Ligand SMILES: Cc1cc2nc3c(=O)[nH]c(=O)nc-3n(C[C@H](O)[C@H](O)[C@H](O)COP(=O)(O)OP(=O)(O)OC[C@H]3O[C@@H](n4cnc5c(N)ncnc54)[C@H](O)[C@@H]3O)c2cc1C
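Starting off, we have a lone chain in the form predicted on its own, written out as structure tokens.
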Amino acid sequence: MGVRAIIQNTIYFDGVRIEKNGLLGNSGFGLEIAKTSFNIGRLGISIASMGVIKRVSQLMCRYAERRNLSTGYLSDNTNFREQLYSNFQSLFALETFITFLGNQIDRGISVHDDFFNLLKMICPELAYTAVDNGMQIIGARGYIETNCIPQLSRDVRLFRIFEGSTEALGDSLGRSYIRYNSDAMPHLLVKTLNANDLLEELEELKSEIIVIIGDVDDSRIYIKYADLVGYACIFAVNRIISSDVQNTGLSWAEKRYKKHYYELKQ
């Protein structure tokens, strides 16, 4: 499908001697280096997903401004405008969140691994939806290679798999929050984001979920709960950083959080 430039080969080290100055990090801490690589990779994919949403929005606008329907230009169509506005709202909210994390990293402040994992769950899914909606808006012409959307569709599909699939990350994170009483949620929402109210809601919902599912190991619930925690973090960051532009993202983040909350509560 996409990313055809990636070549899959196997490298064998036979009798190779590595000098001390060729060692990456400190001996015995290879796992920490691997985790850091995963975190940066997941952050990179999340940022690339934002670029995909921007690009497909540009392509949608370029087409809609030229496409004349019986009711007028497609750019005046309410369905088109709704799709485009949804793209912009998600961009404002997610870029605020990613910028917040980037500033933390630049200041040397430790950023919890779950922030990267939750972002990796959410951003590629939104990018894939945006590209799919863009192709739907453009119609059959969206299948023409010169429109760029077919390539975007192939490439962004991979984002949902690379560096941990959405389902694998969601199952792992949700399981740790619900089953293993992970201390990650208080760290994310209280220590970092000052969102005690959201933590209380999530903890209350978790108690209800445990009563309902009992000992049943339900991956669907874990994934949905992890998704909810991710939107809680995005909502919390957008509350902290307030401006006219961010308010658009704040409204979107709040709606997404409440939507996922009530769906899971039911």
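Worth saying up front: this structure is predicted, and the values here are computed from it rather than measured. Start at 1 with the first residue shown and count on from there.
Keep in mind that the form predicted in complex with the ligand is missing from the display, and what follows is about it.
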| query | finding |
| --- | --- |
| Contact test, all of Q8, E167 and D171, partner the ligand in the predicted bound form, heavy atom 4.5 Å | yes |
| 4.5 Å heavy atom contact, E163 and the ligand in the predicted bound form | yes |
| Contact of T36 with the ligand in the predicted bound form (heavy atom, 4.5 Å) | no |
| 4.5 angstroms heavy atom contact with the ligand in the predicted bound form for V111 | no |
| Distance check, L158 to the ligand in the predicted bound form, heavy atom within 4.5 Å | yes |
